[in-house]
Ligand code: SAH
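A lone chain, given as structure tokens: the form predicted alone.
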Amino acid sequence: MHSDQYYQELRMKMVAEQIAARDIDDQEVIKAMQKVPRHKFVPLSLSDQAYTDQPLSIGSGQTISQPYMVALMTQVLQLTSADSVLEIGTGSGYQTAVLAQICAYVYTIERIETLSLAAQKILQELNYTNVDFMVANGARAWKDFKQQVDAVIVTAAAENEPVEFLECLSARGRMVVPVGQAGHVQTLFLYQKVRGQVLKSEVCHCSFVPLINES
């Protein structure tokens, strides 16, 4: 078992080489990535790989995203400390923690109860109190979501563009979502509400586990 100092040095190196050295320049994102201990969100057997530039398995057929992709998806949402965010797919809870570090409030939905409970435990241990967890199918549960939020982040790939999620957004809301089939090249899209219209832009190609739409 390594010391907190050991992991902190790896984390700072990760941010310097994988995040700040690329196209991530949002200082709030950089500070959040420097603070959130990614090694706490992976299986103990993978903790030495926690700060490498790759996704890692967290069980149940799910992964913790590559650090750069977490930073990129967070940056394109242009988040502020006043914003609320809806996350579809809690997974390990790492992306949730990064969002909670920056934003006023995070609502996060996960269909696999064991993953949600594990993420809740870690975030409680890290003293995050601005996160609301829901165990449900995120592809469907958004219909029961009554709050309007400033941003939506989808952390699994939808086969078709999930424009219905835009209904959760406030007047100037933003959504980032990967679209495409598993095993094929997927595309990360950003949607922005501007003066009553929805603007769509392509961010990059990517690879995510599929967003499950079954009940």
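For clarity, every value in this text was computed on a predicted model and none was experimentally measured. For every residue, the number given is its place in the sequence shown, counted from 1.
Below, we turn to the form predicted in complex with the ligand, even though it does not appear here.
Asker: Contact with the ligand in the predicted complex for Gln186, defined as at least one heavy atom pair within 4.5 Å: yes or no?
Answerer: Heavy-atom contact with the ligand at 4.5 Å: absent for Gln186.
Asker: Contact with the ligand in the predicted complex for Ile88, defined as at least one heavy atom pair within 4.5 Å: yes or no?
Answerer: The answer is yes: Ile88 has a heavy atom within 4.5 Å of the ligand.
Asker: Even though the partner isn't displayed, in the predicted complex is Ser84 close enough to the ligand, meaning a heavy atom within 4.5 Å?
Answerer: Outside the cut-off, so no.
Asker: Given that the partner is absent here, does Ala156 sit within 4.5 Å of the ligand in the predicted complex, heavy atoms only?
Answerer: It does: once the ligand is placed as it appears in the predicted complex, Ala156 has a heavy atom within 4.5 Å of it.
Asker: Could you tell me which one of Ile64, Val152, Ala50, Val29 places a heavy atom within 4.5 Å of the ligand in the predicted complex?
Answerer: For this set of options, the contacting one is Ile64.
Asker: Can you list, in sequence order, the residues from 101 to 128 that come within 4.5 Å of the ligand in the predicted complex, counting heavy atoms only?
Answerer: Result: Ile109, Glu110, Arg111, Ile112, Leu115.
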